[in-house]
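Next up is one chain by itself, shown in structure tokens, the form predicted alone.
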């Protein structure tokens, strides 16, 4: 479904270095790593938000997409739920979902109330609310997920999808992931939360702009835990050296 070949990003300093990934159709592929590893940068490059100073190839369904604009990638069936969810002054939740439906790739759902319930929101309370700063970050994240379900993508990037959503909602996120998978979508999940690896089918660890390891979610989860121990040890050594 998606192939990334020898991808690097940066002008004077390389933020991403020689990334190689292959994500098969209908995979829930997780990329995990610490803050500042380059995860969100990678997702932005895949979606076309960043195109300058990018080397390598991004291939979607056997088509080179490096030079395609965001809307052109969307027409191919790609979409993204960014870490920071946008606000839309003057647009209600109902109107926002209508826009997703208008440009849908697959008509998975037709009922806005059903989709809002799937993401844990009461339709009576939210359909007529505006998608602006009167909603919390977690509420906007859920509405973004609802719009993705209405859009019916082939490939969806979920960048830190649990950001702004309380811990008790992790299982809700898992349900959405499996709804997408059951609809034959392919998911790239960007996260620093190892608990979300439980829902993945494959995973990779990104650190300091490089893919350190790719494997089963359990393998990557265990490896990531060890990496965090190493980070702590390095910090302790740094403090000791100062003393």
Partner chain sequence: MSNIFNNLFSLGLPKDILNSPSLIVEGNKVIKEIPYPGILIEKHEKLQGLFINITVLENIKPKKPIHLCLSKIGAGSQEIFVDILVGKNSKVKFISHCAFKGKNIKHITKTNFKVKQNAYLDIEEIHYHDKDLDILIDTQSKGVVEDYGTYKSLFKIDKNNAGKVNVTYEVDVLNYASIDIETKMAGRDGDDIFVKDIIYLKGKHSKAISKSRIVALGKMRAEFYGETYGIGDYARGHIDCSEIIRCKDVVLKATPVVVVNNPTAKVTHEAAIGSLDKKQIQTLMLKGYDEDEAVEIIVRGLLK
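Positions refer to the first chain, counted from 1. Remember, it's a predicted structure, so these values are computed and weren't measured experimentally.
Although not depicted, the form predicted in complex with its partner chain is the subject of the following passage.
**Q** Using a 4.5 Å heavy atom cut-off, which of 174-182, 42-50, 207-215, 56-64 contacts its partner chain in the model of the complex?
**A** Every other range fails; the passing one is 42-50.
**Q** Please determine whether residue 80 contacts its partner chain in the model of the complex, using a 4.5 Å cut-off between heavy atoms.
**A** Looking in the model of the complex, residue contacts with its partner chain include residue 80, since a heavy atom lies within 4.5 Å.
**Q** Taking its partner chain as it sits in the model of the complex, is residue 127 near enough to touch it, meaning that at least one heavy atom pair lies within 4.5 angstroms?
**A** Answer no; every heavy atom of residue 127 is more than 4.5 Å from its partner chain in the model of the complex.
**Q** Applying a 4.5 Å heavy atom distance criterion, does residue 144 contact its partner chain in the model of the complex?
**A** Taking the distances in the model of the complex, the answer for residue 144 is yes, it comes within 4.5 Å of its partner chain.
**Q** May I ask you to state whether residue 118 is within 4.5 Å of its partner chain in the model of the complex, using heavy atom distances?
**A** No, residue 118 stays farther than 4.5 Å from its partner chain in the model of the complex.
**Q** Though the partner is not shown here, which residues of 96-118 have a heavy atom within 4.5 Å of its partner chain in the model of the complex?
**A** The stretch touches the partner through 96, 99, 100, 102, 103.
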